[in-house]
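Next up: just one chain, as structure tokens, the form predicted alone.
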Amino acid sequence: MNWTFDLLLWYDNAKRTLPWRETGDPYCIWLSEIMLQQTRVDQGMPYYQRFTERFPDVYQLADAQEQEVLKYWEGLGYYSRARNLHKAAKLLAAMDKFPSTAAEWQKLPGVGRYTSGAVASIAFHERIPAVDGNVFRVISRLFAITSDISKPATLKLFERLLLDVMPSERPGDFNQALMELGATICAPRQPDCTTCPIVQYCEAGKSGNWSLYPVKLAKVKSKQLNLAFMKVEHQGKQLWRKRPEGGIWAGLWEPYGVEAEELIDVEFVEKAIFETFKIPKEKASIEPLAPSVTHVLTHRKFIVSFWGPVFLSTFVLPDGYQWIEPEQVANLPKSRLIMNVTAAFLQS
């Protein structure tokens, strides 16, 4: 008996019941892997259910408009995942089949080394590792590996190690068992070693020094940016724009806003309003609509403030902006940050 046998035995008895595990449909498995990147299962489950109700197969996803796909993704974040998912669906629908190997999956937009390995092993039983953050954590603790997981060479080391022990008859279950163990027991902080099915084999578990693993030396500093969004109105309509392709929140909608490296205060906002709409300071009545909030992404931190209202009679319309009826705002695909902005505007 070895740790792989014990791991699979535990998985068979303790795995969570999840909809994509109840089917062999590559579409559902692929969608779940894309959707759960940077997202916990409990957070992603309502989105997965809503998304599959609207787009039950790859053909209906391929036929949809990007704006609708983004709307159904709204709130999940990392919107490039949704855009790439949509692009890949169009390619798959045209091919009229799903790839069966990880190498073929990696040719699709948004499908990298981990996702291709996960889908190919789970849906098509290819004997190939799928190493995500959970697997890095479990394996680094199991073997007390001190290599820096931020380096490509370490990923290859883990993949070789796993390929050596992966059972040929259940590669997908083996990958899922490692992910499940990392998600439910071998947590980043305070792992439950007393219930771990492979603790007797685990170097970090036996020594109690699990906090040393995994080793990640490279740290990316978060860049801070200040944003100010303004409620600008004309004849009952609000000023919004769809963000351009490329960059953060591409294709999503937001109200008129400005950004700066320095702290944004009322004088900064009044100046921006004057320079954009040619409204003199004495005619503008700008005040905060809601308290400022901090919005954190992977490598960015935004300090966001909300201002207004600004009522325009004559104006110069900024490039890319258009007037939107208030009742139509709810139908626009928006980032979670802008969803909160919308709530602040509606309450004002």
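Just so we're on the same page, rigid core means the largest C-alpha set that superposes within 1.5 Å between forms. From 1 onward, residues are counted along the sequence shown. Remember, predicted model here, so these are calculated numbers, not experimental data.
We do not show the form predicted together with the DNA, though everything after this point is about it.
None of H125, K151, K237, K206 but one reaches within 4.5 angstroms of the DNA in the predicted complex through a heavy atom, and that residue is K151. This chain lacks the partner; the member of V258, V111, I145, C196 within 4.5 angstroms of the DNA in the predicted complex by a non-hydrogen atom is V111. With the DNA omitted here, the record of contacts in the predicted complex names 134-142 of 93-101, 269-277, 229-237, 134-142, defined by a heavy atom within 4.5 Å. Contact annotation for the candidate site: Q176, R189 and G247 all lie close to the DNA in the predicted complex (heavy atom within 4.5 Å).
A residue is said to contact a partner when one of its heavy atoms sits within 4.5 Å of a partner heavy atom; Y79 meets this definition for the DNA in the predicted complex. Remark: L36 counts among the residues lining the DNA in the predicted complex, judged by a heavy atom distance of 4.5 Å or less. For L317, no non-hydrogen atom is located within 4.5 Å of the DNA in the predicted complex, even though that partner is not displayed. For the chain shown alone, V41 is a contact residue for the DNA in the predicted complex, at least one non-hydrogen atom being within 4.5 angstroms. In the predicted complex, not one residue of 315-334 has a heavy atom within 4.5 Å of the DNA. Fitting the two forms on the rigid core leaves the C-alpha of Q49 displaced by under 2 angstroms between this form and the one not shown. Core-aligned CA deviation for Q65 between this form and the one not shown: less than 2 Å. Core-superposed comparison between this form and the one not shown: the Cα of H299 travels 2 Å or more.
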